[in-house]
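Just one chain is shown here, as C-alpha cells, and it is the form predicted on its own.
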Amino acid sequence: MIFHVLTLFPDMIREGCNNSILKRAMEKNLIEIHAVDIRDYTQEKHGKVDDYTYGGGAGMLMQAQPVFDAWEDVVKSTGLTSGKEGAQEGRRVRTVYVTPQGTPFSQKLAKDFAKEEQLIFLCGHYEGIDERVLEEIVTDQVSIGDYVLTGGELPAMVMIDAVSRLIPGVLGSEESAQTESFENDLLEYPQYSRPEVWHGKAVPEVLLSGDHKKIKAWRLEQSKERTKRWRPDLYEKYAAREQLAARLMKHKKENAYMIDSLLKGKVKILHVEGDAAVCQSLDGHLIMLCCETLEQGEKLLQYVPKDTGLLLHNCAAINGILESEWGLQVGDECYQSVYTQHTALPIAHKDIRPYPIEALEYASANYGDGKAREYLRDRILSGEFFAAWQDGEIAGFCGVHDGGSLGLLYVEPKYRRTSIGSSLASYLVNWSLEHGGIPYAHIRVHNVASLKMQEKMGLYVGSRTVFWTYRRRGEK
C-alpha cells in the first residue's frame, strides 16, 4: 500500500515513520510512505504558501494553488484520474484531509482505508486551508480527537500506523490484528508474560492449564468485563447484538446469515420486531433482514434507508414490495446450508494459509471472469481469504464473502478430484467456528453439485431460501 502525505514539514513524516514496525514494513516493500513538500509547488517567488483570510480574523491560511498542484502531481503519479472525471469513473484516489472538524477516526475507518491501494493525506497548518481546494480534492475529512494540534502531521502518522498494521504481513502474525481492542466492540483481554509470579501477583491459573478452550472462554469473559467497566457505550452495542442473536437461534438454519454477522460484530441493529429483525453492515452497503410474514417485513422496511442498493432476506413474501416500491429485484435465490455442530471438521490437506496479496492477479484470473479483482483484493486484505499450496504453488483458494457466507472456492484443474477442494471447504467451516460465527454458505438453487458437497460435509440445508436483491441499473 502506498501513502502520500502532503505537508509543509516532510522531514517530520519521514523521521516519524522510519522506525519500528513501519520501518520494517517499508523494508519488506509492504508499504511505501512518500512525504510531499507543498512548498515545492508554490508560484510565489519567496516560497510563501499562505496569506491573510478574506473577511479578517487572526492567523494565516494555506492557499489553494500550491495545495492543488501538489495533489494533482501525486494523483498523476498514481495512474489514476483526477477531478470530476475520475470520481465518475470510480478511479479517483482517496484524499484524507486531517482536521478536528472531521469524522472521528476509528478501527472501522482504519479497515476501510486499508482496502485502498493508495491514500493521500493532506496536512493543514495555520488557520487551515482555503475551502475551495478542499471542496475540489478531498474525499474524507477525519479527526483523531476533539482537540487542536499545530498541524496535521501527527494525526496523519497516527492513521498511517493504524492502517498499516492491517496490511497482511506487516504485523507478522495474521491473527494479531483480529484479536485486539475494538474487535466486535470489545476491549482486549489482559495478557501476561514471565515470570509466573511478580510482586506477589501470579499469572491466572487458567492460562497455565494448556486447555485452549478454557483459555478462550476466560479471555472472552475478561474482555466483556473490561468493556462493561471502562467502555459501557461499546458494551451496550455488543450486548444488544448478542441478545438478538440468541433470540434468532431458535430458527438457526433460516437465520444463520443474520446470526453470524451479529456474533462477529459486522452489523448494527436498525430495528427488531418480535422474532424478526433488520440490520445494516458497518460500511452501510448491505441490509440484512429476516422475518417470516409479509406484515413483519413491511414494518421492518420502514427502518431501511431508501437509497439501499443491496438487501439480503429470507422472506419471499416481500419480494413484490421490494420490486414495485424499492426498485430492487431478485438477483440470486439461494439455498442456505448451515453447519450446526460445534466440533471441527477433519482436513486432509494441511498446507492452507492466508492468501498472499502478491498473488491477487492469479485469484482474479480464476474467479469471476476477471471482473472481481477489487472485490477479491478486499477479501484478501480482510484476512478472510485462504490458499491451499501443493509443490510450492497455489493449488486452490477459498474465502468468506463480505456478507459472511463461505465460498469463493476454486481448485486448479490438475488438483481436482483430490482432497484439496473438500479441505478448503472444511477449513472455512473450522475458521468460522474459531472466530465465534455460524458456518454457512449460500448456494444458487440450481447448483446441485455444490449442494451435494455441502450435505456430504455435514451441513444442513434450510427449509427456506434466501434472496439477494439488487437495485436495477440506472435507478437511485
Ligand code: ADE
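These numbers were taken from a predicted model, which means no experiment stands behind them. Numbers follow the displayed sequence, beginning with 1.
Keep in mind that the form predicted together with the ligand is missing from the display, and what follows is about it.
Contact with the ligand in the predicted complex, judged as any non-hydrogen atom within 4.5 angstroms, is confined among 137-145, 198-206, 379-387, 257-265 to 137-145. Contact check for residue 403: no non-hydrogen atom falls within 4.5 Å of the ligand in the predicted complex. In the predicted complex, at least one heavy atom of residue 149 sits within 4.5 Å of a heavy atom of the ligand. Taking the partner from the other structure, the ligand in the predicted complex has a heavy atom within 4.5 Å of a heavy atom of residue 99. When the ligand is considered in the predicted complex, residue 155 lines it closely, a heavy atom lying within 4.5 Å.
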